[in-house]
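A lone chain, given as structure tokens: the form predicted on its own.
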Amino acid sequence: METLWFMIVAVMLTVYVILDGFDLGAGAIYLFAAKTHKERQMILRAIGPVWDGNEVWLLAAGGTLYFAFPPLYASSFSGFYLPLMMVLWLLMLRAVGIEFRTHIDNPVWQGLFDVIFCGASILLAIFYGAALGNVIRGVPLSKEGYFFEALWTNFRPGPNPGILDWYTVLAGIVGLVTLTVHGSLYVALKTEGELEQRSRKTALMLWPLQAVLTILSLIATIYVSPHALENYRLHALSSVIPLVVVASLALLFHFARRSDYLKSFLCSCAYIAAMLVGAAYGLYPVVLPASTNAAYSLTIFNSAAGHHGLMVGLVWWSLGMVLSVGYFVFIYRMFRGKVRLEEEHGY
């Protein structure tokens, strides 16, 4: 049962990164790919019907984590208090940038909100990547299961690292580049004309950097956390995960060059999913490694809720997921196709 809930949390976080990831990527290229007021409106209309719904997956994943692994929730939310507050403010600023821009018909204010939206999207992509880097690298957990991390210490991984070091910064850059490519492909898929071509060009220009960073991140992960390969050595079938990463990355570029944006975007989704699943598989059964002493690490066994609660929760979670998936399928089908400015809705 603990393994099942580990998989559920991992899947929910992966779905969040894929869905809200293209929103963040669209925001990251917002000031650079869109040159005119109308083009910026097109980007906002491309993500407008779904961006706030996509963020619900983050809340749902957090609630599921709280239910299934309460000690992990308590430890991580207290230890990562400062970056969590920063993420919350960035989420609010991003929403302010999107919503207020459409309600104030003044070029000065619209320019300010454009900068807020773009800047918050870029910083969120970096923060999410750095957060994953912290989990993979490990945090200075005490025997009681709690920790505190300064924003940075000596900028190197070790027994008492800071939130930022060279490894987590690398992870943040990987997150930014990956989500920028992801969002660029989505904008190209949903728009037409020069904006579509600029978005395509952005994805193609960043692809070589994404490929290099993928290799560098793997090497850095093996250096920082050698035990991450143990599960891969034990199960030969797990080699499928890196093969999916390589294949999806190659096909992403292939389809983007042919302007087949749907297939290229789906390959980007597969790449993100494989990277995150690979990281979760490498950690299993650990959910929060301890950099101080491996014996202090939180695992699915010492941080899971009671068996009866997990069984009952699975029933209610399943019902909620059926409703949620149905709603998202309905919304994405309703707003499928290219966006046009003559369409009537709030963006």
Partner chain sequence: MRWSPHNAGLRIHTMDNALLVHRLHFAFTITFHYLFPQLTMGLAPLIVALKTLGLRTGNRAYHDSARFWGRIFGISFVLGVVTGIPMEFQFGTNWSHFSRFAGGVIGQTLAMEGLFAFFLESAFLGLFLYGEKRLTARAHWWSAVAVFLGSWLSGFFIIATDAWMQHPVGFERAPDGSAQLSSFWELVLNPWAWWQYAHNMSGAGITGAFVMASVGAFYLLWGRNAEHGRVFLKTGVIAACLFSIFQLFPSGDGQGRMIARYQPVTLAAMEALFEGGPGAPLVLIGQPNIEEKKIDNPIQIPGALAFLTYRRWGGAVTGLDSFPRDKWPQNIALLYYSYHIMVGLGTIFIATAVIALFLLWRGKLFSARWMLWILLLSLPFPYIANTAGWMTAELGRQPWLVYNLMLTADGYSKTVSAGNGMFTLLGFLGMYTVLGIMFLFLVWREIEHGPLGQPLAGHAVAH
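Positions refer to the first chain, counted from 1. Everything numeric here is computed off the predicted structure, so don't read it as measured data.
This protein has a second form, the form predicted together with its partner chain, left out of what is shown; the following refers to that one.
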(request) Mark A305 yes when one of its heavy atoms lies within 4.5 Å of a heavy atom of its partner chain in the model of the complex, and no otherwise. (result) yes
(message) Residue-level question: is R45 within 4.5 Å of its partner chain in the model of the complex, judged on heavy atoms?
(response) yes
(message) Given that its partner chain is not shown alongside this chain, does A290 nevertheless sit within 4.5 Å of it in the model of the complex, heavy atom to heavy atom?
(response) no
(message) Under a 4.5 Å heavy atom criterion, is P49 part of the interface with its partner chain in the model of the complex?
(response) yes
(message) Heavy atoms within 4.5 Å of its partner chain in the model of the complex: which stretch in 88-96, 251-259, 170-178, 217-225 meets that?
(response) 88-96
(request) Could you work out which of L31, A60, V286, A279 is the residue within 4.5 angstroms of its partner chain in the model of the complex, going by heavy atoms? (result) A60
(message) Can you work out which of W152, F77, W166, Y232 has a heavy atom no more than 4.5 Å from its partner chain in the model of the complex?
(response) F77
(message) Counting heavy atoms only and using a 4.5 Å cut-off, do Y146, S324 and F335 all touch its partner chain in the model of the complex?
(response) yes
